[in-house]
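The data below hold one chain only, encoded as structure tokens and taken in the form predicted alone.
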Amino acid sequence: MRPLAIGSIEIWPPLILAPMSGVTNRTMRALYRPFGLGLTVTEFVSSNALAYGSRRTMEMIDQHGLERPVSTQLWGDDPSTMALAAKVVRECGADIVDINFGCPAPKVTKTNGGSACLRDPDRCEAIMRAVVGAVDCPVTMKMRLGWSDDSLVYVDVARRAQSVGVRAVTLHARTAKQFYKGAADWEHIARLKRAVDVPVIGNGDLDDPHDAIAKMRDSGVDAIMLGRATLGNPWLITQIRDLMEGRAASPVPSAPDRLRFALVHYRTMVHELGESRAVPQMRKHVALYLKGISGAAMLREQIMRLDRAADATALIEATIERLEASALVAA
């Protein structure tokens, strides 16, 4: 496989962590990057919030400086505001500015942002043109197939993106109305790859390393983007990178070792965000790290009720001890 080229930026491996609201903060990105990602993307942020100088939004685009290159994703429906926001994130260190035409969440689409923009391809084009003209770095765009099954506009919008200077396009192969239901249709991703000359990045239902490589090869895409499947399972990233580099996929670590990494994740989040913010965020992460572990359902219930980091980490440590003791008995 070849590196992904976005403008003058070469990305290896062609493996990207998707922007996920409330998830891909700088702590999580720094922890996951060493597993084998070629590019990370910040949480997607509101162009309006950036224009007003929202402190919380500025935190969302913050970086450690350890994840170069890094892309910052913006959403909004006003071309001039999006252009201003693009200048801000570029000044704050973004190597790539990404435009969000993909998010289906009501909090975004109710203001005509995210995938709601796809209802008006002319507006999409105006936004892309304004952002490309505002910054001196590559601009990319992520979208869905369209707002609904009867309005699949992805090829039209991608061709417009290419014409105004967008350097790569990511397609999540569902409509906005589908949200995350049903299967992502990679035939549409293959069709898009044939329709444009800029790099195409495929996204959707990449939860198995061998299947991910097969989808990449069959569709002809230049890179793939991983999202929800990595949560609680960053080892998927390593497995896909192994296959990209011609090695057998590394085995997933034992349950105790997976939980040891969960402890690192938990303690790093507390150190960087403080207990009051880290504990609620880590509940969902720990629940995913526990997937497939004996007694996981009961442990998840306990984690959800704990408000102190010390109690949660003690529970994880006790679970590690229990699992290792059980393994010794079984041996």
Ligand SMILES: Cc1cc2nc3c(=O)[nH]c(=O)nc-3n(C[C@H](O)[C@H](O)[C@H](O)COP(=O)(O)O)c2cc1C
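This is a predicted model, so every value here is computed, not measured. From 1 onward, residues are counted along the sequence shown.
We do not show the form predicted together with this ligand, though everything after this point is about it.
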So this ligand isn't shown here. In the model of the complex, which residue out of 309, 323, 9, 23 has a non-hydrogen atom within 4.5 Å of it? 23
If you check 115, 72, 239, 203 against this ligand in the model of the complex, which one has a heavy atom within 4.5 Å? 203
With the partner left out of view, is residue 228 within 4.5 angstroms of this ligand in the model of the complex by any non-hydrogen atom? yes
Quick one: does residue 44 come within 4.5 Å of this ligand in the model of the complex, counting heavy atoms only? yes
Within 4.5 Å, heavy atoms only: does residue 142 come near this ligand in the model of the complex? yes
Against this ligand in the model of the complex, would residue 15 count as a contact residue? Criterion: heavy atoms within 4.5 Å. no
Among 81 to 89, 213 to 221, 245 to 253, 172 to 180, the stretch whose residues bring a heavy atom within 4.5 Å of this ligand in the model of the complex is 172 to 180
Using a 4.5 Å heavy atom cutoff, which residues in 76 to 114 contact this ligand in the model of the complex? It's fine if the answer is none. 100
